[in-house]
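Presented below, as structure tokens, is a lone chain in the form predicted on its own.
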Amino acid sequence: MEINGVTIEDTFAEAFKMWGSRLIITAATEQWAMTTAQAATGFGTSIIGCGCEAGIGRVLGVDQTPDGRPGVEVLFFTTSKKSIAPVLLVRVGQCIMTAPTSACFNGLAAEKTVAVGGKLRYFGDGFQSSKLIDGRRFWRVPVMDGEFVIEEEFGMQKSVGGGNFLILAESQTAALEASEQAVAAMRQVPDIIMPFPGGIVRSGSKTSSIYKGMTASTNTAYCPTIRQQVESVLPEGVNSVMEIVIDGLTEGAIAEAMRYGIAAACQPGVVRISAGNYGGTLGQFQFHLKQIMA
């Protein structure tokens, strides 16, 4: 298969079961809502070293938020249901409650929930108060700029992490430009995030290493500077590779995002589109490129 002269490899992205949660952050201004969201999702690129994968979803208008203020959606993903609670407690408590004018609400209607506001309310030292509105409990915690409003429970659901595709290009400039175009196109799709910086990762990994204790190391087969020293899979003319990783609340959301991204990435300077997998031995989900782009 070719799109705009770019070869789409007959391969698949291998993704994994995760648990996801969506929060709505609001503030007095859109700038402060975004600043708070950036702080809350920082250092959330890879489950390997960060404990979670996190990112910013949609920017919300005043008619889309529970309190009628500017807002931003953020998504968090962990490998187990049990690990969602500590991640949210730390990030909401340290990054959202501390931010000027902020409030935090549940953004995911789900059967399973985790108590966050119900625990952070104790920061109010006995002066916190609650209100039940349409079956949802909200806490008002006194803070120095007024009060921090937070919902008692946040929804969580089974999700998918690790959807991906690789952009093989003639140069670093071409790879980066194509990746930026792909990320911009994918941001149109709801219920997904691209957790790496700017949505792009240049240090793709494999699940082995020559060093004891290392669970991951650089994906040598795709590193152009050592192609003569390893079993390289890079075709002639490819001198730079970028990867885009996608986490989603649903399998369908990831497939749609990949469709948008791959189409946008097929531009001059790009030689091939591929994907990262482990032969289907580790992940529970397979996103076949040709099926997605058919």
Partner chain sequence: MGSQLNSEKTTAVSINDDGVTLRLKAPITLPVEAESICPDCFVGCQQSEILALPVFCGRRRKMLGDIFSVSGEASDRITVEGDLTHFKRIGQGMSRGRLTLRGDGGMHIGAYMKGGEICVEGNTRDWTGAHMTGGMIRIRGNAGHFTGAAYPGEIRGVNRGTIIVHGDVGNETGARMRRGLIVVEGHTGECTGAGMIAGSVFVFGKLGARAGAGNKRGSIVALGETAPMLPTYQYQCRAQFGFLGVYLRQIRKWGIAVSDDLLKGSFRRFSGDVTALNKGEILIHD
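Positions refer to the first chain, counted from 1. Just so it is clear, the structure is predicted and the values come from calculations on it, not from any experiment.
Keep in mind that the form predicted in complex with the partner chain is not shown, yet the notes after this line are about it.
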>> Residue-level contact is defined here as any heavy atom of the residue lying within 4.5 Å of the partner chain in the model of the complex; does residue 115 satisfy this criterion?
In response: no
> Heavy atom to heavy atom, is residue 138 within 4.5 Å of the partner chain in the model of the complex?
Replying inline: yes
> Quick one: is residue 213 in contact with the partner chain in the model of the complex, heavy atoms, 4.5 Å cut-off?
Replying inline: no
>> So in the model of the complex, is the partner chain close enough to residue 132 to count as touching (4.5 Å, heavy atoms)?
In response: yes
> Among 220 to 228, 107 to 115, 140 to 148, 71 to 79, which stretch sits within 4.5 Å of the partner chain in the model of the complex, heavy atoms only?
Replying inline: 140 to 148
>> Can you list, in sequence order, the residues from 48 to 86 that come within 4.5 Å of the partner chain in the model of the complex, counting heavy atoms only?
In response: 62, 63, 64, 65, 66, 67, 68
